[in-house]
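Next up is one chain by itself, shown in structure tokens, the form predicted alone.
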């Protein structure tokens, strides 16, 4: 039996004569995982959520839920519930009645409603708040009420449209842990929309990075962070140093006028490429010992590390995260391991990228 719960096949969405919102998008969502749709405003991530919920229809393409085509299935017939950015709670109803609303629409027995509402509120740590008015609740409590209202209907999928964006930073971090824990306890599929890359990395089993109506890359948080497929993903997920280079041959790349050993292979000889090195992978050393030499342009203390920018002789700016301090104006060296160099091909598709990664694994196995 298939573990896929939602499938998009070549889905395009366009409103009248406006630019295409989604462009030939295909993907699969598995049961029981926490997925995040990540991208900048207007990239199409909320449109995907609305298509799954049934709030809008695809212009072309097929959408399946448990292997059944649902393009024309109305929203109220789909086994999904949505938690909106503004929570969409009824201000004139108390906590109990907000959570019970969907069950009353189904004309469920009073005793069953009471049992299910209490169970849902217990799941979100709001037992005893049944009679509380919505206006008396904090932002975090209101979010929990919205989630309880979603799970009380026992959906197979919960859709969350930037539900943490209105919370202050400390509460936002707390709710990230609570949402992830709740998803694991419920064992159902969560699809979470955000433009916050730290949030996506912290919470997700799988991330879809979206830009201009297309999925740029999908994978685990580690995959996305360590092996970005293109400049957009590398730049959007975390902070990156990106420079142009040349893939001299397998495991050898040239940039900033020097050749460095790397772990990438499977490209053309002397192929133009882009190089990514994360700031935390650069180690400060003496000027003479550095694989790169830079002049320190600025330094900020970020609590757990110093954020240092340096300029090399070609004018490239290098961002460094280090526990070592450097003084503005100093000339310093930077070291990095071959594994810290990530080589990106121009215009490589995700399918070709995945095949290339698989070839690394096969190569390692053959060496053993």
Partner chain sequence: MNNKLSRNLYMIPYAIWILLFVIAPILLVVYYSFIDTQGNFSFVNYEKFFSSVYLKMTLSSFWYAFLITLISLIIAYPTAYLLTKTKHKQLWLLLIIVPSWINLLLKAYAFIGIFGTYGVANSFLEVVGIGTQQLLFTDFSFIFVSVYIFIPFMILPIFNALDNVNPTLLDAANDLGASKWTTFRRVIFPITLDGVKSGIQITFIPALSLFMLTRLIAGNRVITLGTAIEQHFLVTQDWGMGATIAVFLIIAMFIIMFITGHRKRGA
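Just so we're clear, the structure is a prediction, and the values are computed from it rather than from any experiment. Numbering follows the first chain given and starts at 1. Note that the rigid core is defined as the largest set of C-alphas that superpose within 1.5 Å between two forms.
The form predicted in complex with its partner chain is left out here; the points below concern that form.
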query: Answer range among 169 to 177, 186 to 194, 220 to 228, 101 to 109 for contact with its partner chain, defined in the model of the complex as heavy atoms within 4.5 Å; finding: 101 to 109
query: Residue contact check: residue 284 to its partner chain in the model of the complex, 4.5 Å heavy atom; finding: no
query: Distance check, residue 251 to its partner chain in the model of the complex, heavy atom within 4.5 Å; finding: no
query: Non-hydrogen atom contact residue 55 with its partner chain in the model of the complex at 4.5 angstroms; finding: yes
query: Residue 144 within 4.5 Å of its partner chain in the model of the complex, heavy atoms; finding: no
query: Listed residue (280, 271, 86, 154) with a non-hydrogen atom within 4.5 angstroms of its partner chain in the model of the complex; finding: 86
query: Of 261, 114, 289, 133, the one that lies within 4.5 Å of its partner chain in the model of the complex (heavy atoms); finding: 133
query: Interface residues of 81 to 97 toward its partner chain, as seen in the model of the complex [heavy atoms, 4.5 Å]; finding: 81, 82, 84, 86, 88, 89, 90, 91, 92
query: Rigid core superposed: residue 110 CA moves 2 Å or more between the shown form and the other one; finding: no
query: Core-aligned C-alpha movement of residue 74 between the shown form and the other one, 2 Å or more; finding: no
query: Residue 243 C-alpha moves between the shown form and the other one by 2 Å or more, core aligned; finding: no
